[in-house]
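One chain comes next, on its own, written as structure tokens: the form predicted alone.
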């Protein structure tokens, strides 16, 4: 019978915390860039200009049809070389974190785009007509009237997607980046206690995501009372 030994965990906490900071950094960066770029993509898809609508639709469909782990591999192989040439960095510069952030941000923006597009479409069309009657341009109407209402409706969904993103950060193992999951795996493999460290990592992910999901449910009741 397997005997559990949790003695490796206390000494590994600083290393695990460093990994958690990487996971949170990737999550925060991808959420901010994803929402900003996703908003622009959503507006392009709703645009009457065909080239913009086609570009946005193609972008969203491409990233939603490709596995995230494959996207991360693409960016892990391509982005470092591109940045080295662009900024004249010496070969071998560690750009794994930068590559992961860019990969996650561009991938998640496709999902945020669809959430934001649905949020914009949930605002009554009469709002845009009223803005036009007041002499507002399309950009002013979107910025001052439509988007504030849409984002209020979208807050729970945006936060839910952020929770999913945090869970997905464990996929950066493909670039050997020591995020929280990667750090737990390395410690467990080093100490011969892989089962214990992975169980501990799973428990931490569960606590964080469950707590965040509870907050999202409360916000959903606040913004959309029954």
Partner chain sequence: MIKISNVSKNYGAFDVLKDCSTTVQKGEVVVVCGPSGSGKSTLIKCVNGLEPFQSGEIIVDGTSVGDPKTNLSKLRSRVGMVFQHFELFPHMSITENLAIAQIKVLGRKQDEAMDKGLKLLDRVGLKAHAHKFPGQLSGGQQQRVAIARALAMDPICMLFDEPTSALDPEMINEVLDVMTELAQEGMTMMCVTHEMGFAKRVANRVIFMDHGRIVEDDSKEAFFANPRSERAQQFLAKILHH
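Numbering follows the first chain given and starts at 1. Values in this document were obtained by computation on a predicted structure and should not be read as measured data.
From this point on, the text means the form predicted together with its partner chain, which you will not see here.
> Is residue 85 one of the residues lying within 4.5 Å of its partner chain in the predicted bound form, judged by heavy atom distances?
No, residue 85 stays farther than 4.5 Å from its partner chain in the predicted bound form.
> I'd like to check something about residue 98: if you look in the predicted bound form, is any of its heavy atoms closer than or equal to 4.5 Å to a heavy atom of its partner chain?
Judged by the heavy-atom cut-off of 4.5 Å, residue 98 is well away from its partner chain in the predicted bound form.
> Closest heavy atom of residue 91 to its partner chain in the predicted bound form, within 4.5 Å or not?
Flag for residue 91 set to no.
> Residue 144: heavy atom within 4.5 Å of its partner chain in the predicted bound form?
Output for residue 144 is yes: heavy atoms within 4.5 Å of its partner chain.
> Sort through 106, 155, 118, 130 and report the residue having a heavy atom within 4.5 Å of its partner chain in the predicted bound form.
After the contact test, the surviving option is 130.
> Can you name the residues of 96-116 that have a non-hydrogen atom within 4.5 angstroms of its partner chain in the predicted bound form?
Heavy-atom contacts within 4.5 Å come from no residue here.
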